[in-house]
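Quick heads-up: it's one chain on its own, the form predicted on its own, in structure tokens.
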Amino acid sequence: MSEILRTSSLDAGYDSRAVIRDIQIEALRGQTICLIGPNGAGKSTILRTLSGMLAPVGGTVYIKGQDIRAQRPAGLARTLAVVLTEKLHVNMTTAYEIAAMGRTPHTGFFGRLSPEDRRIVWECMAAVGAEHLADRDFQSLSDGEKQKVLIARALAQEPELMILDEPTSHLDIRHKIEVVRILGELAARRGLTVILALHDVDLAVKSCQFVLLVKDGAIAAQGRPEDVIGEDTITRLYGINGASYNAVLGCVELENPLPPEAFVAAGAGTGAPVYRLLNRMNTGAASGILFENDVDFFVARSMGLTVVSQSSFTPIGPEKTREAARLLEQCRFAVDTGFPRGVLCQPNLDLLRDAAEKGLPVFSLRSPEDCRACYGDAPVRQLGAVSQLEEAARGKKADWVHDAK
């Protein structure tokens, strides 16, 4: 892939005052590059400087090997398209007419659209899934629909590079995914280079080939997401308290620092919804024995729960079982999340059955048949869904408060 944009010792800012210093970026054809960082970090300033809307405070931006300041606006508009966060306020203008504005660099002084220009506009609207909006008044469209039309307008310039400032802001999850998918497909199919800023870290990590982490007036790190984003990277970048970014799952989990009241025996992803439910209930939780390659292990660890961990694909020995038993004794109730049964997981079931026989409240999310097969006549309460656990557990907590009085 050949280079489309490069910076050299670039300082970006306003009125000769640098906000971000020493920006070093090399963007290749067909590449998607994302800037992520907290509000006010300077992402928009960088993008405006890369697009020529702001003059560099220092250093140089090169577009196709030429200093951007030496390029004429009309010629630059055939290479570079920009989509900003500012809302476009127009009256009595259709979505097609908005998209057609992108042909301005190609239509000459009078701005008349040729049949070829119209074909390109329709093709661009189809590329973003907006052709059905063509005759609609632009102001009547939803934010997601408007964003598609604005991307179509930028695409109608037939650029080689597109710069977008938070194109998913104010969009619902469906339209966020659609916009990111569209940009990825344009990069892959057309060789379009996309540089954008996103607040959605999970979308950025999962959709972009290269990320730049912006904080405190500098590029804190840059590279491929899998090389740059670690367990604590996002927490440090945004200064997050009370939550942790899970690099394996690509999402943020709210931490649960409360002393454990619930012992949750889980596995194969069955525990995650239970952990989150207990957190919403303001109830501390601990997890039973979890294998270190299990998705529940990563979720529980991100939430800061006490976890008894076991090396992957190895039998659970007596030491780990005793550790889990001591943890279970500290809890007021236990939950069987319905994790898959098997030889490796049997110690968790044995712990729950013994606890139930000793009088500890144990709730199971297994089917009635599976519950009987696991626990026999032990007094385990079978629940039909995770949602029923909240009512059952709250009832038990009320009993404990009453008993304490």
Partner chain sequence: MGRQNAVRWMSWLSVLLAGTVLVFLLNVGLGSVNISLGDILRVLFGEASPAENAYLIIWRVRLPRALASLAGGAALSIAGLLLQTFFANPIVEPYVLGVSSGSSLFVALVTLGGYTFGVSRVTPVFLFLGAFTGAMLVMSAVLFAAARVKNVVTLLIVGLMAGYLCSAATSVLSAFAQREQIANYAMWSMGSFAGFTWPQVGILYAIVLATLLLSCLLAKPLNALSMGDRYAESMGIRVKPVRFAIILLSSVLTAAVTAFAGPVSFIGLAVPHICRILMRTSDSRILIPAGMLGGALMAGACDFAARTVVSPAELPLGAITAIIGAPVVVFLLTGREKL
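Positions refer to the first chain, counted from 1. Bear in mind the structure is a predicted one, so any value in this text is a computation, not a measurement.
What comes next is about the form predicted in complex with the partner chain, which is not displayed.
Of the listed positions (Val214, Val83, Val201, Val308), a single one reaches within 4.5 angstroms of the partner chain by any non-hydrogen atom in the predicted bound form, namely Val83. The contact residue chosen from Ala188, Met92, Cys251, Ile173 relative to the partner chain in the predicted bound form is Met92, the criterion being a non-hydrogen atom within 4.5 angstroms. In the predicted bound form, the partner chain sits within 4.5 Å of a heavy atom of Ala74.
In the predicted bound form, the partner chain sits within 4.5 Å of a heavy atom belonging to Tyr96.
Although the partner is absent here, Gln222 is not a contact residue: none of its heavy atoms lies within 4.5 angstroms of the partner chain in the predicted bound form. The partner chain is not drawn, but in the predicted bound form it has a heavy atom within 4.5 Å of Pro105. This chain is displayed without the partner chain, yet in the predicted bound form the stretch 47-55 from 47-55, 29-37, 344-352, 365-373 comes within 4.5 Å of it by heavy atoms. Annotated contacts: Glu158, Arg181 and Leu192 are all free of the partner chain in the predicted bound form [non-hydrogen atom within 4.5 angstroms]. Along 363-380, no residue reaches a heavy atom to within 4.5 Å of the partner chain in the predicted bound form.
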